[in-house]
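Taking the form predicted alone, here's one chain by itself in structure tokens.
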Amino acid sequence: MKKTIIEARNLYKEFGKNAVVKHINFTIAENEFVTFLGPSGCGKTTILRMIAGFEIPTSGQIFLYDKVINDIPAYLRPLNTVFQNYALFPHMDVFENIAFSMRIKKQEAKAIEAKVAELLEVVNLSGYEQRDIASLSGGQQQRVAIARALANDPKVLLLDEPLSALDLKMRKEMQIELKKIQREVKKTFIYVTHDQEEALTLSDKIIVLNHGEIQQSGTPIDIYNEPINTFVADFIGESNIIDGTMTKDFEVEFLGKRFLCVDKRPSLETDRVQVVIRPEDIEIGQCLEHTINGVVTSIVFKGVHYEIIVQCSESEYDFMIHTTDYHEINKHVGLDFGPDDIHIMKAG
């Protein structure tokens, strides 16, 4: 089991009378890639800034290993931050940007040269030592910023939406590159983003936030396949969320039909539940007695799949389906899915 490097206990932060982080608890392990994910204003950047030392908690504690660091100033914490705007020095070349913090600490020239060469190899920029910052692409500047942040060998690297300024293609490339860098340097990375795909791609663990509270914490697979509530199900990818009832374990009724599922009743107090079915888990076929039947009302080509809307015949509910098969508008179809494709949540 990995050792805990960062822990928050009952962490609370308010600005004026506005609480932006509300008594949350979490742990982050050594060499783990953890992402705080949520919409704008959910408190994720404030949490990162409290870990970095740029904001002081109103109450609660932040631990680095077993030591409380609330009162330790940012420059004395063994952490470094990569910002959205990279904050590179435009009057310095790539080498001097990376070497800057080591020169401040008066390290020997040979040690600095060796470290910069090592980091440039890690971020795949060997040979760029003398390049001007202005001549680099956004992705290359991002890599220089990461190399500079790693130069002092921090225990933890904090990244505040560092890919947000890049175009879509470059962002996807940098996601892969960033995960590769993290594995190579064997550091704990704490990442902040509102991009669900980014979080799923990069993370060992995702902490989903909303209104300053943790909604769910777990692996990307757990978060995606087993959302704990409607907010998580709706925020992480696309979801069909339908009201249903469960009178016994492993069987659920919704839209007038009964289906087998793999979940037990979430509560004995009520039969009401919510059913989550991901768009990619639904197959479109013929109208049958056991299927949900409806009419195709919309079809949009998304590149790798079609996004099809089917209005259910039994109600006005619209199902979203992702499929590689084309189906014409106004076609009558049946929607099929298995027990493993149905996820049960407590009624909201």
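The first residue of the sequence shown is number 1, and the count goes up from there. What you see is a predicted model, and the numbers here were worked out from it, not measured in a lab.
Keep in mind that the form predicted together with a small molecule is missing from the display, and what follows is about it.
At the 4.5 Å threshold, heavy atoms of Thr45 reach the small molecule in the predicted bound form. Within this chain, Pro39 lines the site of the small molecule in the predicted bound form, having a heavy atom no more than 4.5 Å away.
When contacts are judged by a 4.5 Å heavy atom cut-off, Val20 counts as touching the small molecule in the predicted bound form. The small molecule is not drawn, but in the predicted bound form it has a heavy atom within 4.5 Å of Phe15. Listed stretches are 66-74, 311-319, 45-53, 24-32; the contact stretch with the small molecule in the predicted bound form is 45-53, by a heavy atom cutoff of 4.5 Å.
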